[in-house]
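Below, in structure tokens: the form predicted on its own, a single chain.
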Amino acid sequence: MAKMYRDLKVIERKPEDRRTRVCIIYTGGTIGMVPKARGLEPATLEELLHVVPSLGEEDGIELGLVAFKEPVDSTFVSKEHWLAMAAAIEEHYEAFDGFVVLHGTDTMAFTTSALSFLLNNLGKPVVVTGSQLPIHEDRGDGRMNLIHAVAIAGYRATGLPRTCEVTLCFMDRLLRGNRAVKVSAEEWQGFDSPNFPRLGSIGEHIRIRKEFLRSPPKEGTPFYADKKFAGEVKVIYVTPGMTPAQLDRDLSTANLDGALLVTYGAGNAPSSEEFLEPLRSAIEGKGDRNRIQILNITQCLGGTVEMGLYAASAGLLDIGVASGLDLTFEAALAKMYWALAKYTGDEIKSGLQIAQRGEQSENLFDLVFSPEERGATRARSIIQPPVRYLHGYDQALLKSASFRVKGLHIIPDDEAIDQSAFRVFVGRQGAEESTSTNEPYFAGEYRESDLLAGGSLIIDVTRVVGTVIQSGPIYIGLVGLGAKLWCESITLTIFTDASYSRGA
């Protein structure tokens, strides 16, 4: 890819140079619009800084200047522009203490999300800002937004805490970049963070809440920028009246890599088999389709996806749709582009459901155990599917865990027995009828009357998981008491806290 930007003022740092240096990366947008013969047009960076001639001088900050060769209205920002911004930061990373990206507001939250994933082991501030009015306007917000962004990026000179992440600075608040959404096209405060606290407030003083910041990377961990995104991600917005045929057409897009399913409430969508079949076919790669990953996010501004909480989302969970939890739409789309290029196979779903850059409040680990033999003629006293492996799980951050059995059938050994029982074990291989219920991996004893429609059972196993589960091999078992059992699938779902995840 040809280099999209040009260096206007970049001086290589010498070891003895202790001055605070901030690199401004000018991409375009309203903040850089100035009146010209044909109306408002993007300014050159020289024209932009002419409006704020003493920027950074009062704090002793030296500025470096990088600009896109052709400033772009944010409406036209693409994945290639995101990659170019990341490349500019990578190229000049060692020479500067922080970076300010000037950007239009329409797609600013998409850009802050995308940069957060592209930049690995980020140990310096990357502050993205813009304005609702052009910077030359006397009544505009551009000057103050730019001044505040430079102060935050130049933390060494201003004495502010170091923000080792991509942030969005706008008017009176500082937001985590991959938690931000645009909430107004005309109010001075155009952005907010519905599912995560603001990182800072800006008034007479700039106050940054250190307890919410991501930790810096480990000493010696090299910074680098990823160089690619996935090609094609389809956004499918579930609406009343959407038909399976419409859904099938959306998922039949040529060369599709993934799809973002934007659903109701807590992740709900029509649960009929006709509606689920196009999704299942896409995930499994049936026929001549590409096998793709589908990510479920909510249409609501606040809240989280909880697939399986209601019957209307249980079908999505069963067919392998990934949960977007409380991701914003902007962060979900950027994460899809990134994860589909970063991972392969089953790693894609795992990578989407685990917080990578503080973009979601929880990590979700869902292990699906499929019994090798099914059907009443293959019923057995003990169901113990092959082991599954749990990676990246931190027991200290456990929030909740549930155990879900689908399509469970109980066949009494003695037809005179109305209610044969079965026991659930989590975390140990070799459970038998004689295994003591005092063992820490015993999760409970249940009867047919405890099953929901369709032979489903959902139980809370947080206590058991918190006691016996560590990263590594996971075993589960169902033991029939006076009965033989068979089922369609068993899912162990574990949630851990990711609200204030450490630096990556």
Ligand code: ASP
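Just so it is clear, the model here is predicted, and its values are computed rather than measured. The numbering used is simple: start at 1 and walk along the sequence shown.
Another form, the form predicted in complex with the named molecule, is not on view; read the next lines as being about it.
Pick from 453 to 461, 473 to 481, 27 to 35, 56 to 64: which stretch has a heavy atom within 4.5 Å of the named molecule in the predicted bound form?
Contact-bearing stretch, as computed: 27 to 35.
Among 232, 248, 91, 73, which has any heavy atom within 4.5 Å of the named molecule in the predicted bound form?
When the named molecule is considered in the predicted bound form, the option within 4.5 Å is 73.
Using a 4.5 Å heavy atom cut-off, which residue among 104, 142, 258, 358 comes into contact with the named molecule in the predicted bound form?
For this set of options, the contacting one is 104.
Even though the named molecule is not shown here, does residue 131 get within 4.5 Å of it in the predicted bound form, heavy atoms only?
Within the cut-off, so yes.
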